[in-house]
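Shown here is one chain on its own, the form predicted on its own, set out as structure tokens.
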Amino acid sequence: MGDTRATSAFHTGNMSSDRTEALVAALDAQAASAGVRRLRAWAHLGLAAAPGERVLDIGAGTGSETQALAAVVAPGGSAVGVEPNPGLRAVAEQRAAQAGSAARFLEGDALALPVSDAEIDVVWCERVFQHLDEPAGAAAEIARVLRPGGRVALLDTDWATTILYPGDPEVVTALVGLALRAAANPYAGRKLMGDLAAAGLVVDDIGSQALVQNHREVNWPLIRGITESAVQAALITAEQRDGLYRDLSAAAEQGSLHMSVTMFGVLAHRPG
């Protein structure tokens, strides 16, 4: 991975043990999102993991979906989460132990999975490809570890679908552009089908879900973080920033604020 840009904290080149608490909080907030829950439910239904099957969760994070899959494939099955971040992996192991879950967790990378060829029945991979410089390599790894007939659910965000309203269109465009440049693979969501097809997998279904923020409350940590970065980069002026803050605050008071981004899901299988 040769990209040296300052990308997401989840990007493998930027992992830091002192960020674990913030990463866990972010993952927990995402898991609580109604949109994420709906897309996950759709993917689980389509995968139809069954007792006795072997499941691999790539980029397991806090292990919530690894635990869910472990419960579905019991008895006789196994669910292993692969997570490169040692802090997140420790949290996943602790939470699984506290829940009495059979889920296990291994150190590993999406580009070099610690699994033998054709060993896995079901792969779950959520919000990983957006952090990868080489998503094609990760798709090839998924194809490698799946047995013939094995299934995969690949879920990811497409940051170019970001909507922020109201606001000066020039300012909003600058902020979205900054967010796109900050991601290793910002168009991940729209590329999922092509990534899997290029790896020799057959696409079975496609889904999407808009992740809509509360229309009565501005996500100030997110908004301030990106707008301050935009001011520092001279993409917008301080006056434009302040105007955006006023517009968003007024919209939130009226219940007319709109902040969203769309996440896509693809279900596929290995032929044979």
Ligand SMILES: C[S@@+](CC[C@H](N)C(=O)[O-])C[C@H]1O[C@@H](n2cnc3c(N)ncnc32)[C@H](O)[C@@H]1O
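In this text, all values refer to a predicted model and were calculated from it rather than measured experimentally. Sequential numbering from 1, following the sequence displayed.
The protein also exists as the form predicted in complex with this ligand; that form is not presented, and the subsequent description refers to it.
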Q) Any of the heavy atoms of L211 lying within 4.5 Å of this ligand in the model of the complex? A) no
Practice task
Examine E93 and determine whether its closest non-hydrogen atom to this ligand in the model of the complex is within 4.5 angstroms.
Solution key: no
_Considering non-hydrogen atoms and a 4.5 Å limit, does this ligand approach L27 in the model of the complex?_
yes
Would D121 sit within 4.5 Å of this ligand in the model of the complex, counting heavy atoms only?
no
Within 4.5 Å of this ligand in the model of the complex, heavy atom basis, the matching stretch of 191 to 199, 178 to 186, 164 to 172, 80 to 88 is 80 to 88
Contacts from 120 to 139 to this ligand in the model of the complex (any heavy atom within 4.5 Å), listed N to C, are E126, R127, V128, H131, L132
